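This document starts with one chain, in the form predicted alone, laid out as structure tokens.
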Amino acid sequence: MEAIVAEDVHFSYDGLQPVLNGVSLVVRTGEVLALMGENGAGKTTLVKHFVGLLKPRRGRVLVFGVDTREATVAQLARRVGMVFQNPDHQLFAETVEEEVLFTLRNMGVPPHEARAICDAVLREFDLARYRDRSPYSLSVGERKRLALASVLSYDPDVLVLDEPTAGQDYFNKSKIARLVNGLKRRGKGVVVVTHDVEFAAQVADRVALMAGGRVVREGPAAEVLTDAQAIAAARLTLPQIPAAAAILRERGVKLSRIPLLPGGLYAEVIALLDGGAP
């Protein structure tokens, strides 16, 4: 199902210098879309249009069929939740617990249900022991998890994550990856804005590369993230497995394809050792 549709979106902050130059893109439920590119490519500006924080100067953005220019941010937030790159932009309550409870109250969740949901999400994100502390006493990584817990608490149809793995260790990156995959299995749409090509390779179904305020390459993750030329044009680096496969090909190893994940490279190598096709 098409959840968010951007049609020929143009935007400028000052009315002079364009930041988005005719972006067209679809976000679907049950799918993870990774939005990637160098700093200044327009990624965060684009996803702010998905939640109505910005409105197109030309073109339009539809959220479940509703033109964002005709809806409030509060109305759109019920369908699309966004976790900002800097968690301090969305945390303001006096305690960790109150941060989640305020969000739930604002979404009309009854008090007894809100308390149970709050307890569950704080446990899920390993924040229960901090429930009575100020959010600003937490580390940056913990504050990011709190912002994520607050948004997920009311169960939006689409979740937008801006650089979710920044400041997270391997354990918490893995937890976020499991969370993203779990949301997809539940039929949610997930948009991940990230420079982390390894994380994108792990979770994304589809990748859109941005440069100069445009989408310059879009398609299945297994195709886009193994396209060395497109990745270089977006000023990113290939994930480790495609990079290793490319080196093997340069050394004369006749791989039938460039795999994205370790299992794919393993199958290619085993097939070569067995003298057959993978």
Partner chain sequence: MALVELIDVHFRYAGSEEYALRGVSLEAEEGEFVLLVGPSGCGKSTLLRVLNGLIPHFYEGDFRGVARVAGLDVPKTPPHVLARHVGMVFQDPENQLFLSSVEREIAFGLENMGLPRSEIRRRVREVLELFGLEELKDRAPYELSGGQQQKVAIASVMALEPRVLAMDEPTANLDPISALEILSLVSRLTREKGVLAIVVEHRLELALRFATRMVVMDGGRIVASGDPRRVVLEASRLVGFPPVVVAHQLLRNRGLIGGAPPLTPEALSEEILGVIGWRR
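Computed from a predicted structure; not experimentally measured. Positions refer to the first chain, counted from 1.
Keep in mind that the form predicted together with its partner chain is missing from the display, and what follows is about it.
Item to complete: Give a yes or no on whether every one of P111, C118 and V151 sits within 4.5 angstroms of its partner chain in the predicted complex by heavy atom.
Response: The answer is no; none of P111, C118 and V151 reaches its partner chain.
Practice prompt. Sort through K175, R78, R206, H195 and report the residue having a heavy atom within 4.5 Å of its partner chain in the predicted complex.
Written response: Residue within 4.5 Å of the partner: H195.
Discussion item. Taking its partner chain as it sits in the predicted complex, is R235 near enough to touch it, meaning that at least one heavy atom pair lies within 4.5 angstroms?
Written reply: Yes.
Worksheet item: Is there a heavy atom of D169 no more than 4.5 Å from a heavy atom of its partner chain in the predicted complex?
Response: Yes, D169 sits close enough to its partner chain in the predicted complex that at least one of its heavy atoms falls within 4.5 Å.
Worksheet entry | Contact label in the predicted complex: L272 to its partner chain, heavy atom within 4.5 Å | Looking in the predicted complex, residue contacts with its partner chain include L272, since a heavy atom lies within 4.5 Å.
Item to complete: Find out whether any non-hydrogen atom of Y13 is located within 4.5 angstroms of its partner chain in the predicted complex, and reply yes or no.
Response: Judged by the heavy-atom cut-off of 4.5 Å, Y13 is well away from its partner chain in the predicted complex.
Fill in: Stretch in contact, per heavy atom within 4.5 angstroms of its partner chain in the predicted complex, of 68 to 76, 90 to 98, 160 to 168, 181 to 189
Heavy atoms within 4.5 Å of its partner chain in the predicted complex occur in 160 to 168.
Worksheet entry | Neighbours of its partner chain in the predicted complex among 233 to 256 [non-hydrogen atom within 4.5 angstroms] | Residues within 4.5 Å: R235, L236, T237, Q240, I241, A243, A244, I247, L248, R251, G252, V253.
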